[in-house]
Structures are given as structure tokens and as C-alpha cells.
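Here's a solo chain for you in C-alpha cells, the form predicted on its own.
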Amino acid sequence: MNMSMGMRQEAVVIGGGFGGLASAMRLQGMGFNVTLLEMRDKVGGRANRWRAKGYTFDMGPSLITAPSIIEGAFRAVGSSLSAFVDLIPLDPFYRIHFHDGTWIDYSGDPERMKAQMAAFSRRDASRYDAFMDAIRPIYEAVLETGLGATPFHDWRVMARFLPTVMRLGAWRTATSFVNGYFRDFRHRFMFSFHPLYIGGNPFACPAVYLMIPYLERRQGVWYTRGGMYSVVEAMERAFRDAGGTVLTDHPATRIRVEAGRAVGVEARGRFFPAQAVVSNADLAHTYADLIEPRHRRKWTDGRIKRLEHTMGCFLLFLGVRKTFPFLKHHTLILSERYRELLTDIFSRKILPADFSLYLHAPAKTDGSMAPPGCESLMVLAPVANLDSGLDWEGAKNAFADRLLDFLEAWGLEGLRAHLEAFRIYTPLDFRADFNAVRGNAFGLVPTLSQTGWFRPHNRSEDIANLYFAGAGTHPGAGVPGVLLSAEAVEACVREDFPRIRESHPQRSAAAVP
């Protein structure tokens, strides 16, 4: 579609998570009048916040690994991230506790890392630099050359990337790639678990996702004062300041299609006309529930049902009237039966008898997240999605009790006796609150068959002027991934609307340090 110079047209973005907010900011900066429709009473999507009795909890993402990518969304509207939030570097990034009582403080300092590794295997420590050198080209291909933000709707983009994948061995599974460098189980876990951040099984997803350890080393791991929701609030404010419109309590009920084109969105009995529609909602939900089947030649109901969705998450939010000094801001607890536990979750889809857990204790860094002398803990246990058939309403309290028993036995003495705020969140809540198909926590599984060109594209193949951001499209889940998907949406829209006048034509792309 061509547009005359100086003409401002309408765009509608469905869903106010990170991907939707970033898409809205980028299109507003391009020159569209953008309306963002959010189904809940506040924006944020899975990056939500819960407050109770003086405790504040981030309910989704809890760290930043690529501040330069976030900065790009702010530059799109002539602003900057630093004008709104206070970024705090974390050191260590997280402490990893192993089943035998040992632990490692994981950081971006090569010498400290090698010194800790040498206590368990001098040979492994000597291989640290070689491993980082091996994954650096993956990082450079995805971020420094812009591949992560490049739409993969053209198979030739994938073809240009394949030689790099083959040369680096990035087609192998993450664990097999890492195991080629390290022998000690601690080091094998420490450098291969990162795909779990985006809902992938490290024993099955491709090693291309091992760019994350290098990303952490290169750009660090950060926290924002006030929690991750402060970034959501900053993005909303910057978007509104640029002239964008946010409508909460407006769940989209239909994407209207005429003559093969998206022409607007229906929500709360109103029609919002648009020349461009972006959905940051769950991709399978968007296609199956918001678009009539007659408009979907490729993404039929049958094809949508065959998509593989990620695992779920079982979350506990615990306001505790005491502190646990040995916890770090981010703590991982690894089960001895780690591989079998992931098989239970991803393949057998049953509740494991043991746990591998992630604990977030933000008051270690930011005292405003809990009353003095207290902790606001989030405990995350990966679980199967709703394909398991488990009755979470009937099982959640017993599972929570098992988790609390485990944590007290592990070292959080007095946890139950000092609980002041308490909340359980299950895959049922993900489905109810975010229309997450099968209660998935991270969209689509990042398997080889759902990566790059094989993943649902940022531009709809069925409907003109319809675009997708978020965890279900390219490049994938995680805060950097969904923000890069917004960049990919912008690239698609620029191709389709080449003559639109920019609101902020002097902006420049955020550089990766």
C-alpha cells in the first residue's frame, strides 16, 4: 500500500505486553496514529505486578539482559530509557545451587568464573574462553548484524543464515553443544540452561539459543529500581507522550478483514478502523479466536492445533517477615534428576516428584520491594502445560505445600511461620489472564522446526496489513526476543507503507555495545 507524504493513518495494536508496547512506540514514531488495546485493567501482559501488605512482586520477567534493545523502542519516539528508569547492574547475575550442596556465583567476569570452575575441573576452566569464542558468532549474527530483528517471511533470509548455523554447529542441541566443551555436570548445566528462559528444553532446542550466555557476558544482567514493571510504566508513558492512545479493559474480540486486508479491530462493542493491525496477543489465540476461518488459508484451525506450545509455570509469591542472607537477587536450585525432570515436564507431561527452581528476591537490591527486614520472593517451578490434563484447581494447594516443604528443608527455615503475603499462580491463570493457549508460559517452543523461517512470521501470510509481535513469532520469547519482534514488525510495515511521514525522522537505531 502506498501513502501520500504527510498523511497520518491509523494503526491498532492488540495487547500491551513488552512486544505490544514496543510495536506501538515504533509505529507511533513512524507517523501512525496508534491505539493500543489491552484486555486487562493495566498494560504489561505477562510482565505484570502484584502488591500486597507492603510487598511488591514482578509476576513475569525479572531481569534485563539487553538494555540496548529496550533503548531502541524509546528512541523510536524521540525519548530514552534512562529518562524514566534507574538501571542497576547485578553481580553476580545469579547463584546456582546444585544438588550436592555446592554452588557457583555466575557472572560476566571471565577470571572469577574460571577460578570457580577450576575448583571442580581445571580442564573445564581452561575451556571457558574457547566456549565463549564459539558462541560469540551466534550472538553477533543475531544481534550485531540485526538478524534477530529481520523478518523471516522470505526463505532467502533463512538461506543466508544457514551457512553460519552449519559452520558453528548451532543446529545441534544446546546441551550437546555445551557438553563438547565441559565435563563437570555443574558447568554443563550452567552454560546450557538458558533456553529455559524462553520455554525451551535445552536437551531438544537448537544451540542457536546459546547466544544468551554471551549476551549476558557482553551486556550484563540488570535490574530496574521498582521492579520490571517500572519499564512497562516507562514505555506506556513514552508512548502516550508521543501522542499514542492506550485503552485498557478493551479485549479484542475480532480482527475485521475485508477483501483480504485487515481493516480494524472490534473491542467492547466498538470498531477501531486501521490501515495496519499488530497483534501481540498469543498467536494461536489471535488466529483461532479473532479471525474467521474463511480468511485463513494457511493458518487453518488444524494447523494451529499442531503448533507446539511451551511448558507452563507454577508460581508462588511469598511476602516473608524475615530475610535469608544466603539468597542472591536471583537464585537457581538444581535437582539431581534434572534431565529426567525436564522429560517429565516436556514429554511425559506429569508433575515431577522433585524440583528445579528459580527464586527472585529483589529486596536484596531494592529495599522498596518489601518492608524493612522482609523478603518479597517469587518462586518459579516449571511444569507441563495444560496438555497434561492436570486439574490445577484441585492440585495447586497440595503442590504449593510440597514446594514450601522443599524450600524449608533446603534452607529457608521459618518460611511458613513468617509468611505474610501469599499467592499461587498456575497455567490456568496464564490461560485466563493472557489467552495463553494450553496455559503456555512462553508462547511457542523454540524447536528447530519452530525457529526462523519455520516459525510463524511477523507479517501474516493470509491477510494483508496484519502483523505479529510477541513470543509466538520471530525471533521468540524473552524480553529481548519480543522487543526484537517489534523491530521486525516495524521493518515489515516500512516495506508495506514506504511513504509514511516519520514523527521522529532523526532517530537512530540503538547500537549494541
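Remember, predicted model here, so these are calculated numbers, not experimental data. Note that residue numbering begins at 1 and tracks the sequence as displayed.
The discussion below concerns the form predicted together with a small molecule, not included here.
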(message) Between the small molecule and 28, 31 and 238, in the model of the complex, does every residue show a non-hydrogen atom at 4.5 Å or closer?
(response) no
(request) Would you check, heavy atoms only and a 4.5 Å threshold, whether residue 96 touches the small molecule in the model of the complex? (result) no
(message) Is it the case that residue 40, even though its partner is missing from this view, gets within 4.5 Å of the small molecule in the model of the complex, heavy atoms only?
(response) yes
(request) Would you check, heavy atoms only and a 4.5 Å threshold, whether residue 68 touches the small molecule in the model of the complex? (result) no
(message) I'd like to know if residue 475 sits close to the small molecule in the model of the complex, meaning any non-hydrogen atom pair within 4.5 angstroms.
(response) no
(request) From the candidate stretches 180-188, 368-376, 128-136, 439-447, select the single one in contact with the small molecule in the model of the complex, where contact means a heavy atom within 4.5 Å. (result) 439-447
(message) Under a 4.5 angstroms heavy atom criterion, identify the one residue in 252, 363, 284, 231 near the small molecule in the model of the complex.
(response) 252
(request) Using heavy atoms only and a 4.5 Å cut-off, determine which of 433, 109, 301, 405 is in contact with the small molecule in the model of the complex. (result) 433
